[in-house]
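As a starting point, one isolated chain is supplied in structure tokens, in the form predicted alone.
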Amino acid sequence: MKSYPMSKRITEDLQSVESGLIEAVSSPRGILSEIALDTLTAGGKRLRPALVLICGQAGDYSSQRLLPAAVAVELVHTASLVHDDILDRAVIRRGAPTVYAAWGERMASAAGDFLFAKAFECLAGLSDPAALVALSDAAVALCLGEFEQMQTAHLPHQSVEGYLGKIERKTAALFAACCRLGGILAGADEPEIEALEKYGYDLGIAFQIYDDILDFTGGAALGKPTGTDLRDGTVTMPMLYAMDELKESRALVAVIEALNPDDREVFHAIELVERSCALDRAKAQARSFVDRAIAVAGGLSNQAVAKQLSTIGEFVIDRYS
């Protein structure tokens, strides 16, 4: 997987984000701090903080203002992963035991809440109501997306439109907020901020579609077993396309409906999806959202920012090549 190239200033500030994450959860010291530190240092692309910083170049770049926001969005993202693993009863993430698996449901729930609280503590210090609104709206959307995913688990008869609505809330809302935060804190003009937000939305949609594809083609690259979505009954774009093409193959429907499908059933369902055109169709949809994001970025007044955002879009594609 390629890494996304950054300017020297962004690279240096991303290193400061790492320090800021550790500082944010290290006080007060205690078991929640220990769990949060373990989770944050387990790895991650830091794509969301990078988007805050890159979009912060659309106006007057200020590390003092942008770094707390970059730290805050990564804390929100990490908190959502901890809570997601509780809902999914997931035991592996990024190749290591999840907080849920290592500490149990109650401690994992508390750790996720702790990370959420610390995120808004970071942002509150900026005393910028617009920034707080941007992140709080994204956090609410994220929670609603996770709840809707839980409600629709094991229900095979869903629509592509419904799927896109869920991932808009679950993933794209935070991407869009990252870009909006960068613009707000840099004092960019409102049309520029709206364009940055639209870029983030389209990029986030593409990112989640590609992640859902990777669950069939290489779950190990995500640090979790292949077919996790099938086992959880989470219906994704590749499954919807496969069921449409295969006239809702009974074997695939049965795995989605099953609360505890065995490995043989899951592997057979994966083979069905891989033999269909579903993965290619999903990749084409993801690519179309990346193209839309890059087109929006191209209209920004700061072409240096546009170029970096276009590079991020290509990185999202390269990640799955």
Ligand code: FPP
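Heads up: residue numbers just count along the shown sequence, starting at 1. Since the structure is predicted, the reported quantities are computational estimates derived from the model, not experimental observations.
The next section is about a form of this same protein that is not shown, the form predicted together with the named molecule.
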Just to confirm, with a 4.5 Å cut-off on non-hydrogen atoms, which of L164, A110, A96, L81 contacts the named molecule in the predicted bound form?
L81
In the predicted bound form, which of the listed residues (L246, C143, L126, A101) lies with a heavy atom within 4.5 Å of the named molecule?
C143
So, D202, M237 and Q285: all three within 4.5 Å of the named molecule in the predicted bound form by heavy atoms, or not?
no
Using heavy atoms and a 4.5 Å limit, would one call F116 a contact residue for the named molecule in the predicted bound form?
yes
Would you please decide whether A153 lies within 4.5 angstroms of the named molecule in the predicted bound form, comparing each non-hydrogen atom pair?
no
Give a yes or no for E192: in the predicted bound form, does one of its heavy atoms lie within 4.5 Å of a heavy atom belonging to the named molecule?
no
Tell me, yes or no, whether A186 is in contact with the named molecule in the predicted bound form, where a contact means a heavy atom of each within 4.5 Å.
no
Looking at heavy atoms inside 4.5 Å, which stretch does the named molecule contact in the predicted bound form, given the options 176-184, 81-89, 193-201, 154-162?
81-89
Residues within stretch 160-180 having a non-hydrogen atom within 4.5 Å of the named molecule in the predicted bound form:
K170, T171
